[in-house]
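Below, in C-alpha cells: the form predicted on its own, a single chain.
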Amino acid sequence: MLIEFDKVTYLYPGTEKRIFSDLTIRMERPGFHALFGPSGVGKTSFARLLTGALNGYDGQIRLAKVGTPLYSYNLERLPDWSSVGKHLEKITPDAAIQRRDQLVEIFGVEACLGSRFSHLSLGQQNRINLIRYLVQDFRLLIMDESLGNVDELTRERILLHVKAMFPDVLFLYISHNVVEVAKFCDQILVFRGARKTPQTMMVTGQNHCLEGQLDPQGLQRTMLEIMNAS
C-alpha cells in the first residue's frame, strides 16, 4: 500500500500561484491518517490530484495497492428521486448489506431512511452520503470534511467504529479540527503552504481506537506539535 508524491509542482490553471513546489511525500501503511492545515494550503488539491480530478502537474504521483481512490466531501448531494433508504439499497453490493445495516445503526440515521435527501439536516445528509462510500469495495477513501455539521459525540462514535470496521484500508481524513485529528489519526500530514519550507510536516497522532485508552497528556503534546508545525 503506497501513496507517493515525488517532486510534485502544481499551479492553479491560468495563474502563477503555486499550490505545491517539488512536494515529496510518502505514506505506506493502512489506517486513519489526516490532512491538516488552514484553508488554501492545498489539502483538497492534494486529494484531487490523488483521485485524478486534477492534472497538469509536474513530478510523479504513484499509487500502489490502493485501487481507485474514493473521495467523499462535505455537502455532496444525492438525487431526490427516492428515499435515502431506497437509494442505499440500490447502490449496496449484496456482500455489503450487513455492513450497510450496521453503519446505519452506528451513524444514527435509522429514522432518516424513509425521507428524501433534501428533507434531511446537513449533518444527516453528510452521514448518509458517507455510508454510500463505506459500503463499496475500496482500499483508499478520502474524507474531505465528510462529517461536517455532525455533533461531536456522534462524530466520535462514527470515527471509532469506522476505524474498527476497516483496519486494513487507508483513510485520508481532511479536517480543521486539531483535537479530532490529534486524537483519532495515526499520521497527520500538516500542510503549511508552498511558500514555507518544508511545505508539509508529518506528526504522529494518538490513533485512539475503540478498545484503547486515551492518554490526555499525550493528546495535549500531539496538539501542540501540530500547531507548532502549522
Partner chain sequence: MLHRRIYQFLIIYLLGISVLLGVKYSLNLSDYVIPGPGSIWQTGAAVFDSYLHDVMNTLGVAVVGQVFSICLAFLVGIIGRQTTWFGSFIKVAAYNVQAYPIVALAPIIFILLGDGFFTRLLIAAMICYFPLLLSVLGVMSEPITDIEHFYRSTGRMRWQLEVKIRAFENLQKLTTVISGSATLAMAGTIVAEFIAANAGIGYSIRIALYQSDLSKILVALFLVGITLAVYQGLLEWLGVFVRRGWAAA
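Here the structure is a predicted model, which is why all the values come from computation and not from measurement. Residue numbers count along the first chain shown, from 1.
This next part talks about the form predicted in complex with its partner chain, which is not shown.
Chemist: Heavy atom to heavy atom, is residue 152 within 4.5 Å of its partner chain in the predicted bound form?
Modeler: Result no; residue 152 lies far from its partner chain in the predicted bound form.
Chemist: For residue 68, is any heavy atom within 4.5 Å of its partner chain in the predicted bound form, or not?
Modeler: Yes, residue 68 sits close enough to its partner chain in the predicted bound form that at least one of its heavy atoms falls within 4.5 Å.
Chemist: Residue-level question: is residue 91 within 4.5 Å of its partner chain in the predicted bound form, judged on heavy atoms?
Modeler: Looking in the predicted bound form, residue contacts with its partner chain include residue 91, since a heavy atom lies within 4.5 Å.
Chemist: May I ask you to state whether residue 75 is within 4.5 Å of its partner chain in the predicted bound form, using heavy atom distances?
Modeler: Looking in the predicted bound form, residue contacts with its partner chain include residue 75, since a heavy atom lies within 4.5 Å.
Chemist: Among 125-133, 156-164, 107-115, 143-151, which stretch sits within 4.5 Å of its partner chain in the predicted bound form, heavy atoms only?
Modeler: Partner-contacting stretch among the options: 125-133.
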